[in-house]
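Here we start with a single chain on its own, the form predicted alone, put down as structure tokens.
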């Protein structure tokens, strides 16, 4: 990453924050409509403990739901990508399930499991496993037919092809989906916390908006964004270490 690119990755967010601050001050926008970045920073500092209390719960439910989604999505992707029968039978069901708004499923989860942690974990899982399964399946299903024929001529069976060629080949697809899915997992947790929980960033934002503490609502949004970026960068670093042969360019300053 060049020095100019590094400066750009810092300069643009700072410029946007400056424009935001100037617009709020210049146009005298009420804080209950759109708080200035300075007011959001003050809300973060003044409510540091309560934000930590709620954000730790959101991070916990997101990571658990995402971890389950990685295991389930990867296994399902391997199955769908390595079998034409599984692809034709399971893929339409996956698309149909992914089309259902997860916010409509949360009330059902509350009936089954009550309010709290379990619905948030399940919602995070449901939102994040689909991209993983689809990307892994794509990596396996796009193995060149010529390569399959060569391997079979050398005595390899379907399991050997999947294990020695398909899975390593699908790693770039997997890491690309992980960086997308972790952000979706945060969305799922916050949706569930907003509707049916007594702890979490979604709960904090709901309570703050009910009391017209809009700066605290935006503080919650900032915390969610920060956690999402942090997790994204972690997976980008892991991706660069494990699939350096397939990574081009850099992501958020991750790279050489």
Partner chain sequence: QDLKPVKFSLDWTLQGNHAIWGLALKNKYFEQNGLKVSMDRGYGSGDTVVKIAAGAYDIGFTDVNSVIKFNAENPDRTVLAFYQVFDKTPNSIITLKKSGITKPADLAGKKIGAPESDSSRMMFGAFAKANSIDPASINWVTMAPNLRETMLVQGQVEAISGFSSTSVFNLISAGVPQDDIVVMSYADNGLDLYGSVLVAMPDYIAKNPDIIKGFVKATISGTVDLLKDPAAGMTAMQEIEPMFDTKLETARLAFLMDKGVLKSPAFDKNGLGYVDPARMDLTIKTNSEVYKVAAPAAEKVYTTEFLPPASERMPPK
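Being a predicted model, the structure only gives us computed values, none of them experimental. Positions refer to the first chain, counted from 1.
What comes next is about the form predicted in complex with the partner chain, which does not appear here.
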query: Contact test in the predicted bound form: residue 71 vs the partner chain, heavy atoms, 4.5 Å; finding: no
query: 4.5 angstroms heavy atom contact with the partner chain in the predicted bound form for residue 59; finding: no
query: Heavy atom of residue 215 within 4.5 Å of the partner chain in the predicted bound form; finding: no
query: Close approach of residue 204 to the partner chain in the predicted bound form, 4.5 Å, heavy atom; finding: yes
query: Interface residue in the predicted bound form among 44, 36, 196, 64, criterion: non-hydrogen atom within 4.5 angstroms of the partner chain; finding: 196
query: Contact test, all of 76, 126 and 234, partner the partner chain in the predicted bound form, heavy atom 4.5 Å; finding: no
query: Partner contacts for 106 to 122, taking the partner chain in the predicted bound form and a 4.5 Å heavy atom cut-off; finding: 110, 111, 115
